[in-house]
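Okay, so here's just one chain, in structure tokens, the form predicted on its own.
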């Protein structure tokens, strides 16, 4: 009998599913909460929402723990890295709040443009002043959707019912696929000046943090509105406040904030801001779906099924040894996608010396790496293919039973809006390495922080790069140099102890010998 610990409140619908399965279900009490690390050792699975922190200490103490179920989407409160190392599967409910988040976005939009909140507050205080609350219609206005994933598309569908024209920005959506969806795809710089309302629907990643910066806000159409029901941190909030105070932006609706709960209420209290406390998923229906989806995923995972929305790979001792090949494919593809730098349109995966049974897993791992370089933790081994299909990414797979130079080899070709790049990688024991980047032969470990530099093939480059890194107290763990015959350029891959600051990167880019450089964080111990 599986023993499942419910750490946070869960809708009764999911609890009923767990009880009906025959599992022993225990609700963590307030008195037990401080002793979670002591108690967890008795359980096979745990269910959490956002209140419980699933730390390395808790996971390590869970000697029987096989599954962590996050009743929601985000897993910021779960130490996924430690869970993966311990073979604990982390599952979530990524689509449960789609309708609720979509409807809340439309609600915020309507409340903002029709000044509903201000009028309601005034009337409740006894002030009847119809003329003071002149609103704006959605009809015939242009809506800019930043991030055209599931929620972005659902918002667009509903906005069309109001007679709005839809524009979209999504750097990883294939234009032909966007045309099939009936939407004009633009760069962010092109979209912002044309829109009456801009709504945000991107995950919070290194690339989207501060995406709506002061510079981007300055491009917005005068008198336009901004809606953010996605993630805090995407918008530069002080810059938004300044644009509101100047009157250049007519209003903003915010459900999420860089700091939650906020301590600075200047933006929230602005008279042209409508704010809610991160309630996009707070509907009865969404809470029920979160509960039932999580319960079903938990039971499927405990039964050994991989057809679950897992956010990590279970490295179990019973596996056939494919986990290291999957790690190689994912990191190699993540490196390639980061170096390619543009919207991914096509991924070709060629495998040599890899058994037929492992090839599908390797292909999915490569696809996950390519997509998650920009889309973040929302892409996992289960949904990578679906995300690719939604974004019009073509995937090709080929295989050879033997390999000429290595026991096993993975070759990747990534094509997109910024061009094409080819890489190859192999395993040295259990150590994933890249052995070729666009024809430059080298052998670099695929882990930690990699600095890839394309430079003129002249003396002194390595010394200058090393000096700048040394002055910034950044240690170089490894350096690999490569050149191609009869070429004036060379390639260097440096594995660093930590990520350089933007100031250091700017200094490196100013070197006359440097053509371009890129920093890629691959993780790994």
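Numbering follows the first chain given and starts at 1. None of these values were measured; they are calculated from a predicted model.
There is another form of this protein, the form predicted together with ligand NAD, and it is not shown here; the text below is about that form.
If you check 78, 311, 409, 375 against ligand NAD in the model of the complex, which one has a heavy atom within 4.5 Å? Among 78, 311, 409, 375, a heavy atom within 4.5 Å of ligand NAD in the model of the complex occurs only for 375.
Can you work out which of 424, 151, 301, 290 has a heavy atom no more than 4.5 Å from ligand NAD in the model of the complex? When ligand NAD is considered in the model of the complex, the option within 4.5 Å is 151.
Partner-proximal stretch of 400-408, 357-365, 280-288, 128-136 relative to ligand NAD in the model of the complex, 4.5 angstroms, heavy atom: Of the options given, it is 280-288.
With heavy atoms only and a cut-off of 4.5 Å, decide whether residue 231 touches ligand NAD in the model of the complex. Within the cut-off, so yes.
If you check in the model of the complex, is residue 171 within 4.5 Å of ligand NAD, heavy atoms only? Result yes; residue 171 sits at the interface with ligand NAD in the model of the complex.
Check residue 213 for me: does it contact ligand NAD in the model of the complex (non-hydrogen atoms, 4.5 angstroms)? No, residue 213 stays farther than 4.5 Å from ligand NAD in the model of the complex.
So in the model of the complex, does any heavy atom of residue 432 sit within 4.5 Å of ligand NAD? Looking in the model of the complex, residue contacts with ligand NAD do not include residue 432, since no heavy atom lies within 4.5 Å.
So which residues in 85-114, when you check ligand NAD in the model of the complex, have a heavy atom no farther than 4.5 Å from it? 97, 101, in sequence order.
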